[in-house]
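Below, in structure tokens: the form predicted alone, a single chain.
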């Protein structure tokens, strides 16, 4: 099961956070700081899977952004690694080459994309067209 998804920049600033396992608000900042430090401190030659406390971290860097996913020990790391790739491809398709500013200024759209892909910590959709269908409909209504 997926516990959380984070998008952070190279300075460690969180740009997106989505939790599927309850974490107290007061503990989130500390958890994110430790998780981000753990991933950002690793070199490009090290594995993108990290054991951390009672869960595993799977992360991937795209340009100036890192996508970090916290998962249970029973979850397959490679499927999550591919999920991250798919998530970024969907973002690229929607934003025409996604950037950190796209994430910051269109956070609601990014959450819709993530909600279409993951529900209750489980992957429910990977088809890019189906993932983008609700946003396409919203954009048509806004334009029309």
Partner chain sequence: MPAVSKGDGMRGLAVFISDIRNCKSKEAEVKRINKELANIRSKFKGDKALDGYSKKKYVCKLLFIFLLGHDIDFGHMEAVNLLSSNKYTEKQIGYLFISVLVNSNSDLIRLINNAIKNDLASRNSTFMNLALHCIANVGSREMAEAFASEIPRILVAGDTMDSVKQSAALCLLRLNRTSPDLIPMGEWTARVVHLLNDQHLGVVTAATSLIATLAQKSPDEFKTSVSLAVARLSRIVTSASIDLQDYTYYFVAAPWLSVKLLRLLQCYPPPEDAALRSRLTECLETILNKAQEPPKSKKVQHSNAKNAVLFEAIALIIHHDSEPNLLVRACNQLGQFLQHRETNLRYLALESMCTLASSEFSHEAVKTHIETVISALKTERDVSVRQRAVDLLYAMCDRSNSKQIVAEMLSYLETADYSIREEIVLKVAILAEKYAVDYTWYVDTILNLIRIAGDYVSEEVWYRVIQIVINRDDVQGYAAKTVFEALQAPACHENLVKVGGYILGEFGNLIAGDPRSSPLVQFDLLHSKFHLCSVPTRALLLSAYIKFINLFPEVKGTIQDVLRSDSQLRNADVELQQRAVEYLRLSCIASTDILATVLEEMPPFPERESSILAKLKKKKGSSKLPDLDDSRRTVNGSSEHAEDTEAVNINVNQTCRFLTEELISTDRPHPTSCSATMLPTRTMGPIHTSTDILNLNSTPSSGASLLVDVFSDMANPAPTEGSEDHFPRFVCKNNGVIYENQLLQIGLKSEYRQNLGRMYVFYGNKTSTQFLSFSTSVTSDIVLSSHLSVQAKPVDPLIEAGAQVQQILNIECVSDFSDAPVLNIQFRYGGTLQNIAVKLPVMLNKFFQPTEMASQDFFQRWKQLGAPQQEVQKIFKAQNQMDTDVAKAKLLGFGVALLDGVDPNPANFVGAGIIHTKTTQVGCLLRLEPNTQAQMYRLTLRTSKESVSQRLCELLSEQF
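Please read all numbers here as calculations on a predicted model, not as lab measurements. Numbering follows the first chain given and starts at 1.
Keep in mind the form predicted together with its partner chain is missing from the figure; the text below concerns it.
Asker: Can you tell me whether residue 61 touches its partner chain? I mean in the predicted complex, with a 4.5 angstroms heavy atom cut-off.
Answerer: Result no; residue 61 lies far from its partner chain in the predicted complex.
Asker: Residue 120 near its partner chain in the predicted complex, any heavy atom under 4.5 Å?
Answerer: Close contact exists here: in the predicted complex, residue 120 approaches its partner chain to within 4.5 Å, heavy atoms only.
Asker: With a 4.5 Å heavy atom cut-off, would you call residue 12 a contact of its partner chain in the predicted complex?
Answerer: Judged by the heavy-atom cut-off of 4.5 Å, residue 12 is well away from its partner chain in the predicted complex.
Asker: May I ask you to state whether residue 40 is within 4.5 Å of its partner chain in the predicted complex, using heavy atom distances?
Answerer: Judged by the heavy-atom cut-off of 4.5 Å, residue 40 is well away from its partner chain in the predicted complex.
Asker: Along 33 to 56, which positions have a non-hydrogen atom within 4.5 Å of its partner chain in the predicted complex?
Answerer: Heavy-atom contacts within 4.5 Å come from 34, 42, 45, 46, 47, 48, 49, 51, 52, 53, 54, 55, 56.
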